[in-house]
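Shown below, as C-alpha cells, is a lone chain in the form predicted on its own; questions about how it binds or moves come after it.
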Amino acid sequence: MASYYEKVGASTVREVVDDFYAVALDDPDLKPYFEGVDLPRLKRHMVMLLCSVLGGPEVYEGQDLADAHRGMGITGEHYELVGDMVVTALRKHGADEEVVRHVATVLSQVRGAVVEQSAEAAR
C-alpha cells in the first residue's frame, strides 16, 4: 500500500507549501507572525515537516514545534485558520480525503505544542 507521501508526491508538497504561504502572508491576522522571518528557510522546513507527516523519506530536522513557536502568541483561532489553509491547499492540489484527514489529525495532535496557552487565556 502506498504511503500518503507516495500518493501526493514531493512536487505537490512543495506546491502546497507555496500556496499555503501565499495565502497566509496575504492574511492580515497571520502576516505579523512572519515579519522578519527567513521565508525560504521556513518553507524548506515546512516542506520537510509535511513530507515527514505524510510518511516520506525526508526527515524533519528543524526545531521542536513547541520551541519553534514559543513566545509567538499563537492563538487557537489563528492555528485553526492555518490548518484550514493547509487542508485547502492539499485539496487544491488533488490530495484525497484520506490524506487530508491524516494531516488534519496530525494538526490536531500537535496543536498544544503550537498554541500558546497565555494567548488562549487572554481570549
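One rule holds for the numbers: they count along the sequence shown, beginning at 1. These numbers come from a predicted model, not from an experiment.
Not pictured, yet referred to below: the form predicted in complex with a small molecule.
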Quiz item: 62, 65 and 68: each with a heavy atom within 4.5 Å of the small molecule in the predicted complex?
Solution: yes
Practice problem: Considering only heavy atoms, tell me if residue 114 and the small molecule come within 4.5 Å of each other in the predicted complex. | Solution: yes
Exercise. Please run the contact check for residue 82 against the small molecule in the predicted complex: heavy atoms, 4.5 angstroms, yes or no?
Key: yes
Quiz item: Would residue 10 show up as a contact with the small molecule in the predicted complex if we use heavy atoms at 4.5 Å?
Solution: no
Quiz prompt | Partner proximity in the predicted complex: residue 46 to the small molecule, non-hydrogen atom cutoff 4.5 Å | solution = yes
